[in-house]
Ligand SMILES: NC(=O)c1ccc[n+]([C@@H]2O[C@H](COP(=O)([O-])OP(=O)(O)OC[C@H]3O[C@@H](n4cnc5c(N)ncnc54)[C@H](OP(=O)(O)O)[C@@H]3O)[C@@H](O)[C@H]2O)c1
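Just one chain is shown here, as structure tokens, and it is the form predicted alone.
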Amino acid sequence: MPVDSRRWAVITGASAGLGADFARQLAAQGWHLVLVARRLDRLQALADEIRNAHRDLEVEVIALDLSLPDAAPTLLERVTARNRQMHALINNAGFGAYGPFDELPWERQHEMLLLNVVRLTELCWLFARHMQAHGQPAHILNVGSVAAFQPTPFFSAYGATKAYVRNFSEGLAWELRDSAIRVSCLSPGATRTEFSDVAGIAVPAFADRTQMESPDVVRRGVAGMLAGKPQIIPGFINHLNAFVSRVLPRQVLAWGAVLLMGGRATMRDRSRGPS
């Protein structure tokens, strides 16, 4: 069977938010797509939208729960069927769990750690090997967060996962610098998606006004990825946040994170102790 050498991108967490916008914007640049998420109905609706707008593109949907043990090798096997070669991996799947660490359900936090850290790393390993084998220019983009640059009380485990993503991505980018693969980490801040609702964050009005729109974040992410930038921080406010994290005391950064996420009420609740 001949090799399918068309330009293919696989996008995890593609059913909404940043993932859906990655699909739309890469399609506009002529990429064939594999869209991966748990919600099949949303994937199919997005795929139909893209096919109607770009009739020359192929769009495949894969309904898959990436938290399952064999999800990563299953995904690689399916996307490389028919001798397809993948030229971009967008590691966008992930979520946050907001609240006092010791009160959040461990099962939910374990799933978050598994998806944000373990599965992302496994997919990078599998797809890097695949990309090394075909030897053509390729990209891995891991979606991180500005939460990686500071302590994030009541979001402690989530912030730690994104610190991992940032450092892992930068290290891997250095390792692969002499190969045809470029590794990037996109570190957005507050973005107008369903992320806050899933995480359980009530964004304060003043913080809501600084949120970026998902298409703008993705536009900068795609441009940075294709330019081979190891670290991509979209927006002035997020750049400022990353800068001040280098100069302010860590305790000050922690207080700032609490205020930006409306955590003062949570702190008052905690101060009362068990009832």
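Counting begins at 1, following the sequence as shown. These numbers come from a predicted model, not from an experiment.
Omitted from view is the form predicted together with the named molecule, to which the following refers.
When contacts are judged by a 4.5 Å heavy atom cut-off, residue 184 does not count as touching the named molecule in the predicted complex. Although the partner is absent here, residue 231 is not a contact residue: none of its heavy atoms lies within 4.5 angstroms of the named molecule in the predicted complex. The closest heavy atom approach of residue 27 to the named molecule in the predicted complex falls outside 4.5 Å. Residue 38 belongs to the set of residues with a heavy atom inside 4.5 Å of the named molecule in the predicted complex. Across the options 27 to 35, 221 to 229, 62 to 70, 48 to 56, residues that bring heavy atoms within 4.5 Å of the named molecule in the predicted complex belong to 62 to 70. For the marked spot (16, 93 and 143), a heavy atom within 4.5 Å of the named molecule in the predicted complex is present in each of the three residues. Shown here without the named molecule, the chain has 158, 162 in 155 to 170 lying with a heavy atom within 4.5 Å of that partner in the predicted complex.
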